[in-house]
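Given next are two forms of a protein chain, the same chain in both, each as structure tokens and marked structure 1 or structure 2.
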Structure 1
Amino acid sequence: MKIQIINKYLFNKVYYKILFILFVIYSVPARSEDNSKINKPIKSRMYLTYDKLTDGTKVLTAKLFTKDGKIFTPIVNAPVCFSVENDTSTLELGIISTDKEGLALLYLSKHYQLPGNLGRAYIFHAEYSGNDEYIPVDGQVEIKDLLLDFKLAEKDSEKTIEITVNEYSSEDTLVPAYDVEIYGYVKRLYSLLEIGVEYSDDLGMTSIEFPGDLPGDSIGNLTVIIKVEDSDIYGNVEKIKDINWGIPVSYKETKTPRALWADEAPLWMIIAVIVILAGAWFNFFLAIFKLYKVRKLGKIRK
């Protein structure tokens, strides 16, 4: 009986036709989906920036990410190869993996001699070779070394920051860098507070007036940061100094007063509560004492 039914189905042409159609329906779209996943690597993007820190350390930062509409996603743990281009050759500096924010940072100590070049201008490269999922990408910045320094001057209670910027000539001597946009900041807890923007003159000099009413820490210390930002020629260059020009702010935490909102209650309140409670409970115990006498008299009679 069972065999008959199976035979009936197995050798029915309609059955095979349906099977074939189902096969086509289910297999074809699934395959094409898979294909798109495997064969189309995602376009990766890179930003390469150059920062010269206050101690002369140069930092190359490569940010590796993908963009989908408005959403940026960092590419993590991807090796980025940094190199510097000379007039004649290219020198590889190192390979750094990106962190969880997609950043690969290369620190170049101030003692590290980059290959000699005219006017100390360099072309830095960062390269990500990609893999099955990401398309290779590279970044490039052209940087001329800038020397930024500043002095603090106080004249007639007017405080100014005198800034000098220099660059190297083709003969490797220092010459003034003019028309450089320079920002003055004071470091704050969350961000930098701008105190002025100036352009350097022909002598590579400029000055920023320091506000007289800026609070510092408990002894008036402040951190001043002078910066060249996003310059096409110099990249980012900064110089940081601690100064004592701020108005001291008293950090002394005065003992919190006795208050309704404080841990300790106002004295009158404690006294009032104690007096009222003592009065009430005194009477209570007086009444209990009378009762004790009643009981005592009852025992005597027995």
Structure 2
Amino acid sequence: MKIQIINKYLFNKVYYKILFILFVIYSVPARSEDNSKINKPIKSRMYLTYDKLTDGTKVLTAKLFTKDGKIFTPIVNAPVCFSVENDTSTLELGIISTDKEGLALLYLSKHYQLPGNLGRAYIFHAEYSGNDEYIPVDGQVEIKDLLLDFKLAEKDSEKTIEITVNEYSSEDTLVPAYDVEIYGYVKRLYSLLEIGVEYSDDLGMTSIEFPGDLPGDSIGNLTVIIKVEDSDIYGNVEKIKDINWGIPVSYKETKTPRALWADEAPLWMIIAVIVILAGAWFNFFLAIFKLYKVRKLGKIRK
């Protein structure tokens, strides 16, 4: 009986030692793996967009961020190197650090001469070299230079926006840009009002009818914006002009009549409130006066 107890004790001792060894073997690599995950750089992402403003200025915008599920976190104060590629080499345009929203914007004046490709097509690059915390990432966008212009025409009672779009051929001459999607907007106080969407024809031309019932400023001025948006070939291109095609509207403040919903309440309500408050304070002081008289009367009787 004692031998069985000793054997059972030895067996349990060996069994627990084996369990402990297995635990150590499997737990140590797991911890090292967790540490490697913690120290592993985070994957960074980048969007690169191209905009051509109404004055001919070109803007390259790189958005640098990380993504965890549905949460986007901007990478701040990260140097982004912009460059443009021509037929034979790559020209560096500048290094811009990202702001608090993870945006790095590079402005190119309309007078800045980019290296010429056939047809004035440019390949823009934006590169982030990364660090111990973030993995390097780059973005690329290939853009063809587009010339967008429009004029405002009025015939009889009809008002139209006549739009022309051209691009450069391989011989570096202007040719019509065909089948370009063009949006027409009118600038409002906090947004843009869309007034039409058209496609350019074989001559690179199209038109958008202008509505005649839009309110403008005191003399009817409006801001018209024609845009090419998110094009895979041309990027974002816009042209802005002012025209007095709006309905003149006076924005001077007028005194509104007294009402419950206005800044000034009706007189009858003000008078009623004054009477009620006066009555309440009268009764309050009258009660204090009565208490004083009662106390004084009590002292006289003593």
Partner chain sequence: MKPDNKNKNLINEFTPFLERPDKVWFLKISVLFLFIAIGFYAFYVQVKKGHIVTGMRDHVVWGIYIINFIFFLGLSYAGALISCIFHLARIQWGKPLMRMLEMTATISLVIAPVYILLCIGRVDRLHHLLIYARIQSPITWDVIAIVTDLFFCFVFLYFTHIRDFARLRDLPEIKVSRWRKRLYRFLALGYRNTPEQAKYLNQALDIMAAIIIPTSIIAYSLLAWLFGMNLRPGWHSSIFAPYFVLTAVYSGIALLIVIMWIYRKVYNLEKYITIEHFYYLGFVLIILDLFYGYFTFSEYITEWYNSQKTPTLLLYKFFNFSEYGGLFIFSNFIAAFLPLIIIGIPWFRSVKSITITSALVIVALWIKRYLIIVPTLETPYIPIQDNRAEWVHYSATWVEWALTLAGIATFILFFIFSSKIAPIIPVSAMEDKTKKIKIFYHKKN
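Each residue is numbered by where it sits in the sequence of structure 1, with counting from 1. None of the values given here were measured: they were computed from a predicted structure. C-alpha atoms forming the largest set that superposes within 1.5 Å between two forms make up the rigid core.
Of these two forms of the chain, identify the one that is the form predicted together with its partner chain.
That would be structure 1.
Large Cα move at G56 between the two structures, threshold 2 Å, rigid core:
Comparing forms between the two structures, the G56 CA shifts below 2 Å.
So with the core overlaid, does the Cα of I270 end up 2 Å or more away between the two structures?
Moves: yes, 2 Å or greater.
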